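Given next, in structure tokens, is a single chain: the form predicted on its own.
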Amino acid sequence: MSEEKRGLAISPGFAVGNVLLINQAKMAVEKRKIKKNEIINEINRFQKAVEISKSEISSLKINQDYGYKIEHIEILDFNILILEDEILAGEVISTIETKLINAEWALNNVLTNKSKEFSKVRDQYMRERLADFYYIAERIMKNLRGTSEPLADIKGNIILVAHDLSPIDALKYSKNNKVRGILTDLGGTTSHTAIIARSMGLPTIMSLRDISIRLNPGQKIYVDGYKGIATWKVTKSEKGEMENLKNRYVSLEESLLSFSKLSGETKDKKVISIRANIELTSELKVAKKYGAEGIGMYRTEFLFTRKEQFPSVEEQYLDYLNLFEDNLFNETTIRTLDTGGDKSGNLNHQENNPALGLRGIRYSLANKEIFISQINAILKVAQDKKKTIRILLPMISTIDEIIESIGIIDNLKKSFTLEKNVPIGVVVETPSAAMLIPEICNYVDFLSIGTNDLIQYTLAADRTNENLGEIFSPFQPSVIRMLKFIMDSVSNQKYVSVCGEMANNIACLPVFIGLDVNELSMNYHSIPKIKSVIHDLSYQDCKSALDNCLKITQPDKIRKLLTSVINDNIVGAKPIMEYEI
């Protein structure tokens, strides 16, 4: 009987290969007291190990044979920046001098202190930056000992398995095109290793907890990157099932790519624009491949957190320029920095409840120099490229926030020659904003309903709390009614988009079609299936289904009703339904 483990689906795809276990067991740190006359020697040892580490990473960066993409180079640059960080090096050197301990022990102490600081931070982006410090510290530690690990000899198709794979190792091992997938005990969607896996098209599952100690080197394993399931010890009879699953996924991908060419039009000619949410400009070509009609939301958080320092206006400008590379899209939406005090990099500033704290537009208005730099970069691209860029303001809860933000933007516009209007919109993700929709419409050009936070704040349920899974549901009657209230309150025929997980949930489609939204923005891999289902639905049927949902008070019954509408009407999309509903 086979064994399987479910984790976090990071990069879609299906792969089979033999386990290559990357040994990243933490070294036992040598703890040794030193004399005052040994201080210089220990500092020199540490600095030499840092230089060797920097040289190793730099050699990866300049090796053109690897064919690295822009985000790969940026991640390598980020690691080099950590090594060049005078504060980090200064802390280690100071520890050597004051505590009279060897370099290994001092480095471990500094890392322990940083771990304690980061443990107070709730934001996933910043917590995953701690992993970068661990990777670098481990590399320095190996070079202090002179035990840098040689690259394993890779033969055949392999699946990389590790407790926590560094982005540098992910790049290093994948350079020969024999790696078919990645499995790790730790890791999340915004980690550097996850970004590399997606950019290289490697089926990847993370947060598998103990997969690295349950598998043996050379063992055959199947990686389902769609559902986040790793399967091993497959019997002869089960091998046929796995091959059938693999073939079904191949057919699924073929179907998805054929559906990508469709428009977002119902069978009774109701049209919805289907766009992509992205985090990296390198995702543009893939988004186009899967049928995106534009970029509905470019999240800029990774741009602001991938380095030690926030990006300059010029760095942002160059990044935003890439949104119009190869003229793939004529219009894009840039969401301004959606961050909070816990994401700022200032670990001395902590909030008891970051979800209700200084985040989104609140943070931008409290740190105007950051907001101004981002708006200047956006306007410069709009001026130079003569393309339409929509500015999206997150986490709006008051009219004053809108007035102040627009005032800053309008003042900055005076320094540019803009041939096209730069539309300004807000993310409706708080009940407060929902209550103010008529007034908000007097100030902005468009609205974007952020379903993830809107559900969280409507239900007073933390969306990251695994114990609240049954409560945190898009099918809760209060959520459906909140969406209806928002759309009924929209005035002046404002353009309304929907972003968040609900937008790519097939069972939610009848709700949004029935609500007359103009646009759905989602992860690009979901676009073809959403288009295929829209083509089999009618606006009138969806409107009727929505009216019936508004009369129901139990989420399970709402989900059942919407699912039946899908199943009763779909034709072309039937082959992919087993993976969705």
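A residue's number is simply how far along the shown sequence it sits, counting from 1. This is a predicted model, so every value here is computed, not measured.
We do not show the form predicted together with phosphoenolpyruvate, though everything after this point is about it.
query = Pick from 246, 413, 163, 299: which has a non-hydrogen atom within 4.5 Å of phosphoenolpyruvate in the predicted complex?
reply = Checked against the cut-off, the match is 299.
key: One residue of 473, 458, 376, 452 in contact with phosphoenolpyruvate, assessed in the predicted complex (non-hydrogen atom, 4.5 angstroms)   = Of the listed residues, the single hit is 452.
message = Contact check in the predicted complex: 192, 359 and 463 versus phosphoenolpyruvate, with a cutoff of 4.5 Å between any heavy atoms. Do all three pass?
response = Result yes, every residue of the spot touches phosphoenolpyruvate.
ask   = Heavy atoms within 4.5 Å of phosphoenolpyruvate in the predicted complex: which stretch among 206-214, 285-293, 330-338, 178-186?
value = Looking at the other structure, the answer is 330-338.
query = Taking heavy atoms and a 4.5 Å cut-off, does residue 167 contact phosphoenolpyruvate in the predicted complex?
reply = Residue 167 lies outside the contact set for phosphoenolpyruvate.
ask   = Is there a heavy atom of residue 425 lying 4.5 Å or less from a heavy atom of phosphoenolpyruvate in the predicted complex?
value = So residue 425 does not count as contacting phosphoenolpyruvate.
query = Heavy atoms within 4.5 Å of phosphoenolpyruvate in the predicted complex: does residue 500 have any?
reply = Taking the distances in the predicted complex, the answer for residue 500 is yes, it comes within 4.5 Å of phosphoenolpyruvate.
ask   = Using a 4.5 Å cut-off on heavy atoms, which residues of 413-437 contact phosphoenolpyruvate in the predicted complex?
value = Stretch hits: a single one, 429.
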